[in-house]
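First, one chain by itself: the form predicted alone, in structure tokens.
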Amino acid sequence: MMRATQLVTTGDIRTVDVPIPEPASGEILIKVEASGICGTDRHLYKGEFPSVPGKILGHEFSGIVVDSGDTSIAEGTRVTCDPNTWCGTCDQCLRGRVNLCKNNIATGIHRDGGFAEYCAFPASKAVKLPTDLDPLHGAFCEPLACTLHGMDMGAAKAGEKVLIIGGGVIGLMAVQIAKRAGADVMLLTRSADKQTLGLNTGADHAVGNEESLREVWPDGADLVVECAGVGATVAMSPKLARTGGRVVILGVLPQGEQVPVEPFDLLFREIQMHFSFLNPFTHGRAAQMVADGTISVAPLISRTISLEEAAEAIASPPLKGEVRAIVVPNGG
């Protein structure tokens, strides 16, 4: 038996005893080293994001292969887990839009995930990590992969003004990606602690409101990337883009929530709006960037918690100033 944090049903999450999974054909068994608590996990708990009841949550995780099954991945290999398994045969997959797969099976949502001591996982979706990598850092590959997809859409260029809204893990990774592109980068967040962290991880400016932004960039930003997942900031995003600018929405709002936009303004100023979903073809790139330190993730770890604390942490709002809480299922 093992301990695992299971979403029994909406509003009911518990850490329980369950059998250690047996890897099926094509799967490996991973001893989970680290699993990040994502905002999506809280949406799942509240019933604000579609899921399958009774599943073990956790889609941002990494660990050590302890059973190779019938695969070629050697036991003892450290891996990061790309949680999305596309079907490869639907019309979206055949068009290369795999993140829009009609039959996608998402680990931690549709199948058991990484808030557990062990996880059976498709070998084809495991990406190798260096043996000397800090065990906690592997949990950042999945959110970085999602961030890369959104930033690829935005296509920041050297010399452009790029505004990142939201000082969570996605926002602070987006800051680093935009800075590496040569942009002038501003972080917008009300948290003074996150403003400081943003400046320490590459932002040129950090502000707490639109008025302060306008003092620096009166005309707005060439690219606005919304990473907070808040209705007010999604609605604000096109207003903060300069004429001819671009907006990428990376933040996740609850299913059914609506926000006001002014189509005439978007038309008259020719504002491009994009919405970024999941991590198509970016997980391997993200793993390499974490492994070689291209993206700094250590400053983004706010706290580590045990598996016994995971259910309460997911059911509660994040702590003030928290960027990422990491669950360490097997101690550390």
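Note that residue numbering follows the sequence shown and begins at 1. Only a predicted model underlies this, so the values are computations on that prediction, with no experimental measurement involved.
The same protein has a further form, the form predicted together with a small molecule, not shown here; the description that follows concerns it.
For the candidate set Cys119, Ala221, Ala203, Val169, a heavy atom within 4.5 Å of the small molecule in the predicted complex is found for exactly one residue, namely Val169. Of the listed positions (Ala174, Leu163, Ala139, Cys146), a single one reaches within 4.5 angstroms of the small molecule by any non-hydrogen atom in the predicted complex, namely Cys146.
When contacts are defined as a non-hydrogen atom within 4.5 Å, all of Thr189, Cys227 and Gly251 contact the small molecule in the predicted complex.
Look at 287-295, 271-279, 28-36, 300-308: in the predicted complex, residues with non-hydrogen atoms within 4.5 angstroms of the small molecule sit in 271-279.
Looking at Arg246, you'd find every heavy atom of it more than 4.5 angstroms from the small molecule in the predicted complex.
Using a 4.5 angstroms limit between non-hydrogen atoms, Arg78 is distant from the small molecule in the predicted complex.
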